[in-house]
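Listed next as C-alpha cells is one chain, alone, in the form predicted on its own.
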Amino acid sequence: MSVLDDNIAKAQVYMAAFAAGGVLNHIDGASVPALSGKTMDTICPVDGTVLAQVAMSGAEDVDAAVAAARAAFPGWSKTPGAERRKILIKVAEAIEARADEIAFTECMDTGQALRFMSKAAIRGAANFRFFADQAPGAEDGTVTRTPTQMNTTSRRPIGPVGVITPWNTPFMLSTWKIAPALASGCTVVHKPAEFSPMTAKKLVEIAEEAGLPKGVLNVVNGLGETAGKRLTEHPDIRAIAFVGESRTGSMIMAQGAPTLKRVHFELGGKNPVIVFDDADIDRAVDAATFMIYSLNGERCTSSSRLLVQDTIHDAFTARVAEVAKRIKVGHPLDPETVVGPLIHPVHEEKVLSYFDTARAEGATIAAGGGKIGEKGCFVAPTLFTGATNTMKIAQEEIFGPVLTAIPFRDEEEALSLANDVDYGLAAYLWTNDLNRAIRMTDHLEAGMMWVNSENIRHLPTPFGGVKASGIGRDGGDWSFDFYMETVNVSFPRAIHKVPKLGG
C-alpha cells in the first residue's frame, strides 16, 4: 500500500462518523440538527462526492445558540483569568493530540495539501497557547494620577460575540478568532463557512472535552444569507469578527449597524511582491512562488501580483514559470502534492473564468492556464505575463494559484503600481538597499509588510489591512482590544472644590 493509499484509508475512518451522523450544530453542549430538519451537502473537491449532510440553520437555531452564549457569559466572564488559561492550555494540548485527525479532515473537506494542513492544525494549538497565556492579565490596565484624582483604567469582556470564518484553512483561522475571544472572557457563537464546516465541529468537541463549560462556545452551520445574517443582526451579539470577502464584510457592517455592533474584518487582498534588480534573486523566486502556489493560492495574504524591475523582469518571470510548471498537482493526502483541488466547483468556475479574461485583455499565459483532469476541482498553477495594472487579473482577487506579473522602471512606478488597487492587506519587498526599503515601506499602502521574506507570522504582532482589506487588528494585545471594553474609574485623592450652581 502506498503512502497515499494509507492516508486515504485513515481519512475514511475520520470521515465515517460525519458520514453516518452528519455535521450537526453544537448548542449549549449538545449536538443538535437544525430545528427545521433541513440539511445541505458538504462535498470533497477531489472528486465531488458528498462527505456528509450538514445542518442548514435558520434564525431559530441562531437564536438558540445566542441564548446559550448569553446564559454562559456571566459565569465564564467572571472565571479568573488564571482558570481560563488552564482550560485553554488543555484545549491546545488536545488539538495537538488530534492534529492528524484535524489535518486529514481538513484536506478532504477543503482540498488543501497535507503538507500545509498538518502545520495548520499545530498553528491552531499555538494560537490557543498564546492567547491562553494572556488571559490572566487580560483585564489589567493602568493607573494615572492628578493632584486630586486617581484614574484606574481596565478592560472587561464585551459579552457574547459572533465569529464567522472562511473556508480556506478554516481550523487555524477559527482558532485565531475564537481563542482570544475565550481568553478575554467572552462567549462565542461560531458560524463556519458552508463549504468547509467539518473541523468547526471538532474544535467545539475538543474544547468541551478539555473542560470548556457548556454554552461558552456554540456552532451553527448554514448559509450566510440566513444563519449569518441573523447572527450579525442579533441584538444580544455585541461584536462580529469576520474573515472573508470584502463585499461580504460591507454587508455585515450594514446588518450590524442598527444594533451598533463592534466589527472586526479581515478581508481580501491583491498583495504585491516587489522585486528590485539588486535583490537576492534565488530567494525572491522561492518566496514569490511559495506565497502564491502554497495553500492553493487560497489565502488572503498570497502575493498575487508580481512587480519586477524591468531590467530583470523577463529572466525572473521565466524562472517563476518554470517553478509553476514543476509543481505537483494532485490528491491533497499525497505527501508530494503542493497544489490540491480548489475548495468547490463554484469557486473553481470563478478562478477558471479569469483565464478567458486574461486572454481577452491581452495578457500572456506563461504557465498553466487551465483545468487539470475531468474529476475534481484541479487547476494548474498559472502565471500571467504581459499584464498591466488596469487589467482585471491585476485588480481583482482571484483567490487561486494564479500570479500576475507586471514590470516597473523605478521606485516611483513600483509604488504607484503597488498602491493602485482597492486592497491593502500585505506587501512583500525584495531589495538589498536598506534606504530603499525604508522609503518604500514608508509609502506602501498595506497593513503588513515583509522585507526580503515571505509571510512569517509572529503572534504578538498586529495582523490586518487597510482600505478594502479590513478593519481592526488581530494578534497580541490588539485582539483583546476588540473583545473587551475599556473602562475608566476615577477616585478622589483630595477634596476639591465642586462647582456650585444657583447659589
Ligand code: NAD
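Predicted, not measured: the structure shown is a model, and the values here were computed from it. One-based numbering along the sequence shown.
One more form of this protein should be noted, the form predicted in complex with the named molecule, which is absent from this view; the next part is about it.
| task | Have a look at T175, T165, T199, S303 for me and say which one sits with a heavy atom within 4.5 Å of the named molecule in the predicted complex. | result | In short, T165.
| query | E96, D277, E322, E194: which sits within 4.5 Å of the named molecule in the predicted complex by any heavy atom? | reply | Of the candidates E96, D277, E322, E194, E194 is the one lying within 4.5 Å of the named molecule in the predicted complex.
| message | Test of understanding: in the predicted complex, would F399 fall inside 4.5 Å of the named molecule by heavy atoms? | response | So F399 counts as contacting the named molecule.
| field | Contact of P341 with the named molecule in the predicted complex (heavy atom, 4.5 Å) | value | It does not: once the named molecule is placed as it appears in the predicted complex, P341 has no heavy atom within 4.5 Å of it.
| task | Using the partner position in the predicted complex, report whether G224 sits within 4.5 Å of the named molecule, counting heavy atoms only. | result | Looking in the predicted complex, residue contacts with the named molecule include G224, since a heavy atom lies within 4.5 Å.
| query | Applying a 4.5 Å heavy atom distance criterion, does G244 contact the named molecule in the predicted complex? | reply | Although the named molecule is absent here, G244 would touch it in the predicted complex, with heavy atoms inside 4.5 Å.
| message | At 4.5 Å between heavy atoms, only one of the stretches 71-79, 134-142, 286-294, 157-165 reaches the named molecule in the predicted complex; which one is it? | response | In short, 157-165.
| Which of the residues spanning 236-271 lie within 4.5 Å of the named molecule in the predicted complex, based on heavy atoms? | Those in contact are F242, V243, G244, E245, T248, M251, I252, Q255, E266, L267, G268, G269.
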